[in-house]
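Considered here are two forms of the same protein chain, supplied as structure tokens in two stand-alone entries, structure 1 and structure 2.
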Structure 1
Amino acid sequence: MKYRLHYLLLIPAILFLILFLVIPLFITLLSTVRTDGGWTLSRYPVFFQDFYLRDIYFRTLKIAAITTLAAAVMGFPTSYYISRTAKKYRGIYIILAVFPLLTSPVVRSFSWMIILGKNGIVNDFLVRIGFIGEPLNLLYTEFSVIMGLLYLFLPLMILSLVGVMENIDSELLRAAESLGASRLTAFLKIVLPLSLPGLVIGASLVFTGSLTAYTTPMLLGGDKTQVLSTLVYKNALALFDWQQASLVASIMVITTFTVVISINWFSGKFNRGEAG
């Protein structure tokens, strides 16, 4: 291959992404800093001065943070259990985690509408045992959005963690215990540090996923509990405020990239610190 013709094979993919991803996104970002005669950054501070919009921004961050924390708390022990299970049974746990992941988000969110609705399972149960007189408004709250997102993204956390925990040698733990380390010490000194890379990947997947999810907040949060993604939709297709929709979209992109870059930077720094 004298002329390195094989590099031509990259061109369709590069062209596709530039034409249909880079340019459209660039136009959206650019429109937020352009005015009739020049440039301005003032739209961004104006967004954050508005109480209503600022609330939605921080609510979105809060929901993503709580979902990530809950996924870590539920996922960590579960993944550890799976990683210590005999290999031939491990597949069953993996299948049961992958199945919801491949099921439509509409279906998965809908199931929580049945569970948390006015006549849903939870309310039905609480009324029947006499704990409450009237059904509670569980749907269209931050709580229902968090439950839906946790349900959506917990499998990602479990799969990321199982991936690294599988490689922790059981002999290592047995050795630590036989040398006098308590089970807790062995866990804190061996399991936790060795699973950290999986935890970081899982947490960044869950956090960015929750930050940008649309289907679940739309179905389980509705108009009452708006987040950034539903705000983009509302501004564009309900209010036809293109300018504002672009602004919210750009803020979402900037926030997501900031999160991803800082997680990468932080985990890189941490790993180097461990090694040195």
Structure 2
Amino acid sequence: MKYRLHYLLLIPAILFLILFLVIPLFITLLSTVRTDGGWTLSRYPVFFQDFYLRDIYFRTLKIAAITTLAAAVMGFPTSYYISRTAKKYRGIYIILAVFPLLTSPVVRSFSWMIILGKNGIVNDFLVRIGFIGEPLNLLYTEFSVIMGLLYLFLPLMILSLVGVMENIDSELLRAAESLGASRLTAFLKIVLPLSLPGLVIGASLVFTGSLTAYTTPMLLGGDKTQVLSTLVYKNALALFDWQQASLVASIMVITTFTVVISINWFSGKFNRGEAG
């Protein structure tokens, strides 16, 4: 009886999510298929038939995918190192890793504007060492947006992986090495499969955040590097085309759910393959 009563504690959170997340999303999705004459899905094909809109959609996907891949590549070894350090130092490393989350996205983006600007730190350094003759256009590009998003969401990948890796028994690695496996083989056969749940969670968080981020793409990408989130803002508050803004927002939601479900499906197939 007490066990069942524990579920009552979920009711406030569930009601909050239904009222302020599920219902607004449902209304937004509904507005994209409802017309005066009935119901239609024609707005979605029209969106993808437009070269300009299609280019923005695939640019957003590309930026989110590259950011997620880079976060995984950089976050995996970092998380493994943190998880294998002594507990008295682990907390310090985690605080340092999540430090970017303690500052405003606006402040972080302006910092990257100083770093990547034509008179910024990177260009100044490259010119001084003679690597380039004149400053590069690093700002207001896909590269600058990816760097800003990576700096923003890398801590989420690290936290997701550390939480899983610190529970991996180091004796498993020693046992594998004692049976003749190299350190690389032991890592690929033991650490990687056991870390997959954290990697899936981290990849989902980073991809979702990168796909829907607004402040960083707006400040570091500008008008030259439009993404779906800035397109929603432009249609809603600049052009006052709320119907088009709802359509773009719905496409973002559908894409996010599709990608997250696909990531989980592939991870499940990988786990079953490893088990087999």
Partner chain sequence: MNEKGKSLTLFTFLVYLFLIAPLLIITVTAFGQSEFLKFPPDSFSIRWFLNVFEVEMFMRTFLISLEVACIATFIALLVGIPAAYVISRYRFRGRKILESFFLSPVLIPQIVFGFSLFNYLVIKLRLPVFTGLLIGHTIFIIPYIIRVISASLANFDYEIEEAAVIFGANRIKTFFMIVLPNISSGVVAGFILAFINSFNNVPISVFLTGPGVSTLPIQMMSYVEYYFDPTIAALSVLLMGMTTVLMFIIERSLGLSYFTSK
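When a residue number appears, read it as a position in the sequence of structure 1, where counting begins at 1. We call the rigid core the largest set of C-alpha positions that still match within 1.5 Å between the two forms. In this text the structure is predicted, and so the values were computed from the model without any measurement.
Of the two copies shown, the second one, structure 2, is the form predicted on its own. With a cut-off of 2 Å and the rigid core superposed, residue 46 has a Cα displacement that falls short of the cut-off between structure 1 and structure 2. Core-superposed comparison between structure 1 and structure 2: the CA of residue 58 stays below a 2 Å shift. Superposed on the core, the two forms barely differ at residue 212: its CA moves less than 2 Å between structure 1 and structure 2.
The rigid core superposition between structure 1 and structure 2 gives a CA shift for residue 9 of 8.4 Å.
Taking the core as reference, the Cα of residue 21 moves 3.8 angstrom between structure 1 and structure 2.
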